[in-house]
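Coming up are structure 1 and structure 2: the same protein chain in two forms, each one given alone as structure tokens.
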Structure 1
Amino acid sequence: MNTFELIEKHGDDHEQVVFCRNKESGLRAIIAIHNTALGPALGGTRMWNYKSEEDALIDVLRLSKGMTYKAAVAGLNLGGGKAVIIGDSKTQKTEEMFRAFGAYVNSLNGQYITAEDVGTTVKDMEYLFMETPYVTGIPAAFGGSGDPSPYTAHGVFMAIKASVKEKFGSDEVAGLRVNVQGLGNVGRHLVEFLVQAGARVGIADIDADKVKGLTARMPELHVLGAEEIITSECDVFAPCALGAVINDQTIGRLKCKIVCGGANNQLAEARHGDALRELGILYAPDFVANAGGLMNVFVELEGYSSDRAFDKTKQVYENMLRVFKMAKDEDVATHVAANRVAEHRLNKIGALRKHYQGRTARPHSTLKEIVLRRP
């Protein structure tokens, strides 16, 4: 399939796809801007050794669309975009490669704002920052927001409270059993919020040191095996490890009442969302629950304050309730409702700017202006 056919097949509604090549540094990258109806397209730069250019293109089209939906349902004035650099992040990174890529990002004049993702680090963002202001996730010393995980975890905690309210009528988590799978950056912070709130918390990680580290500080935690965490009885199962944990093998063995966690792409396929609904298990759509990290980055664009970022993540509670309401009103599964809430906002706000509103794009707009002056 040729390039345009691939774009038509996998990214029919994308606004722009930019191919970036720099001979001197060996850079080969693709930036995909899916939708800017709500604001500049924000999404990280992934560096991955793709088997083919076709794989890289399909991935960037898929990921950038996901960012549009995530920002829209989060209530942020951001659009969806993503970038991929083709190459081995362990052996092929150079300063000149990232600076060449930064120059490409800069040439888009703020339509696309980048951040860290799989295979890229704060150090790489520093190189980009030498060439463009349109980068987030830079070190705190440059006004950046640093590690997003505590904010993601707090958003997930708010999503759990909203799910508990929906299922049991009160958002009190004290006394409830919550099983957290994965004790990495997000999972371990989530465990802390849950313990503070009085929940009875079960934990599991394939890395024994992570379990040890946490139980040393919180001996009340209930340690489970990697399989047990999925199948043991609980009120809330909180996936915070890898994606696709709700699949054909696991779905029939779940003994939870709610699935709500921070991991991306928890449903192996969309049909597993329908299957959860049929089983009477409430599913809190992952991209609604884990938007706290994106909210944190958004605050960086406004001028960073960790208090404000933390406060913003409380919004996940209302966002999740809105999704549950849509699911009931339209008699659909919650993963379908989450997409509809996002599309509703995209259509309504996008329609506001059909007519000229007395503003023109200014090449030297600050990031703050770009984000805040949106309707």
Structure 2
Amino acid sequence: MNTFELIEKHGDDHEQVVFCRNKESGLRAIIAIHNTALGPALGGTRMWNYKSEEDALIDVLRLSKGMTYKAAVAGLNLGGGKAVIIGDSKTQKTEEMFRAFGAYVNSLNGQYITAEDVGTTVKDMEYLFMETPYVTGIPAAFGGSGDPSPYTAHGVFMAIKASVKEKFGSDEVAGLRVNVQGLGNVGRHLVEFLVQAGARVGIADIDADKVKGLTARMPELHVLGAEEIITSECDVFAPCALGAVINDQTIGRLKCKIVCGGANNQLAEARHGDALRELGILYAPDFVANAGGLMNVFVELEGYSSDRAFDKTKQVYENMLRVFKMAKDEDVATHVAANRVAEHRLNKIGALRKHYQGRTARPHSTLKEIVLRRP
């Protein structure tokens, strides 16, 4: 299947797909802008050693669409975009690569604003900032918010509380068994929130060092294997690694009552959301649950305050309950209800505005001046 056929199959509703290549630095990247009806597209840059360019393209198309829906449900004046850099984040990163990528981001004149994601760091965003103002999650020394993962994790924690309330009638997580798959920045912080709340937490990660690091500080954690974390009996299964963990091979082996985690695109296909419903497992749609990081960087656009960002992530609780209510009222699966909530806002508010056209950055312009000032 050629590139255009892939885009037509997986991203025919996208506004723009940009392929980025810089021979000198070894940069190979793709930027996907899905929808800018509500505002400029904002989404992180992921660096991953994809098996093929086709896999990278499919991933960025799916992720960027998810960002559109995430921003819409969260009530933010942002559109959806995403970027992927093809490569090994542990061995292939260079300053030149990220500055070359920053030049590509800058060429879009504010239609796309980037941030951290899997495989990228605050330091990487600093390199981008040397070439473009259209980047969030930059170090606090530059007026940014730094690492957004604690805020993403807190939003997921609030989503778990909302899910527990929906399933059990109370949002108290103390004593419940929560299995967290993936101990990256989001998963690690989520574990800390859960332990502080008194949950009994199981963990798993393919990186043994991450497991050792957490258990050294919290010996009460229950360590599970990579497969066992999916099949082990628990109240909440929290996927916080890569997507498509709910698929034909895993869904019949789940022994949880709730699926609620920080990973993007947890359902391999939409029909798996219907299957979870049939099994009596409550699914917390991922783009609602993991919106805390996006809320945090949106506050950065306004002029950053960590307290305000932390308070904003609490809204994930009410957003999730709203999705659950619509699912019950309209007798549909929760992933369908979440899409309807997002699409309603996109249609109503988006109709009032044309696609975001971006604006050329003046020297020393701030994102607040560039993005939040309406044309």
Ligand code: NAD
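Please read all numbers here as calculations on a predicted model, not as lab measurements. When a residue number appears, read it as a position in the sequence of structure 1, where counting begins at 1. Rigid core here is just the name for the largest C-alpha set that superposes within 1.5 Å across the two forms.
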For this session: Would you check which of the pair is the form predicted together with nicotinamide-adenine-dinucleotide (NAD)?
Result: 1
Exercise. Superposing on the rigid core, is the CA of L224 displaced by 2 Å or more between the two structures?
Worked result: no
Exercise. After a core superposition, would you say V60 shifts its C-alpha by at least 2 Å between the two structures?
Worked result: yes
Exercise. 2 Å or more on the CA of T132 between the two structures, with the rigid core superposed, yes or no?
Worked result: yes
For this session: Give me the C-alpha shift of G119 between the two structures, core superposed, in Å.
Result: 7.2
Exercise. Relative to the superposed core, what is the Cα shift for C20 between the two structures, in Å?
Worked result: 9.3
